[in-house]
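One chain follows as structure tokens, the form predicted on its own.
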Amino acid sequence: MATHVNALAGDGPGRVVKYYKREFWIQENQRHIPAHYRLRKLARVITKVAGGRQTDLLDVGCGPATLMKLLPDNISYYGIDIAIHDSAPNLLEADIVDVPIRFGRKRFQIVVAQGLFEYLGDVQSRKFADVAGILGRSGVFLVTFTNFGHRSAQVAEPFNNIQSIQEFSRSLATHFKVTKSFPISHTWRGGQPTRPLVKSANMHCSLNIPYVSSRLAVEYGFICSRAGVSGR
């Protein structure tokens, strides 16, 4: 069930944060087995960031690990999720609300968190710190967050972290250097694009459009590096 974001105006830091557990996500993750638009666009960005170099990538909140199938061979994929469907050496089942984000002692050139932080209401800062701790010196953190300022923003029932893009960006900047932010897509009615022409146009455009993106961008992506590290 989804609720319009205006209905949550009374929501605040004093609320009780509800976290859905494995029995919910083992079913919910089935919806993400086909690669949707957002994941395909993210794969394009990741491929560009890796630049053909041999790269270890960690997908935090990986679900059914659909992203793995969209990446080139030079990217070694690892995933963490609360509900892993098919066990594999490169996949780790863990509830990151309760335990730190880590994969053994590995460090990663790219860490991805796509559609995750909307569910991490009162642990957001701690999870940013976890990611910073496993990111290689020249590593990149690629994270997405819903634009709750969209004219038709909808809030899914499991969301427990409702904030503006500006607030999210400021929190992110306390742990990382944000090198770029960009809309994942623009749509009038909200939700990811479904029509072929609209999907194609959005897939190849990542521009922040003044006065437009703030109201029509469905979601934003952020490309970050470790704070205090210059270059990549």
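All of these numbers come straight from a predicted model, not from anything done at the bench. For every residue, the number given is its place in the sequence shown, counted from 1.
If you look for the form predicted together with a small molecule, you will not find it shown, but the lines that follow are about it.
Within this chain, K199 is remote from the site of the small molecule in the predicted complex, having no heavy atom within 4.5 Å.
Mapping the unseen interface onto this chain, V178 falls outside it, with no heavy atom inside 4.5 Å of the small molecule in the predicted complex. Heavy atoms of T55 never reach within 4.5 Å of the small molecule in the predicted complex, leaving it off the interface. In the predicted complex, the small molecule sits within 4.5 Å of a heavy atom of G115.
Considering the small molecule in the predicted complex, the lone stretch of 201-209, 34-42, 178-186, 161-169 in range is 34-42 [heavy atom distance within 4.5 Å].
Although the small molecule is omitted here, in the predicted complex all of N29, G63 and I82 have a heavy atom within 4.5 Å of it.
In terms of contact with the small molecule in the predicted complex, the residue from I96, I75, I134, A153 that brings a heavy atom within 4.5 Å is I96.
Proximity to the small molecule in the predicted complex, taken as a non-hydrogen atom within 4.5 angstroms, holds for one residue of F108, F148, F128, Y119, which is Y119.
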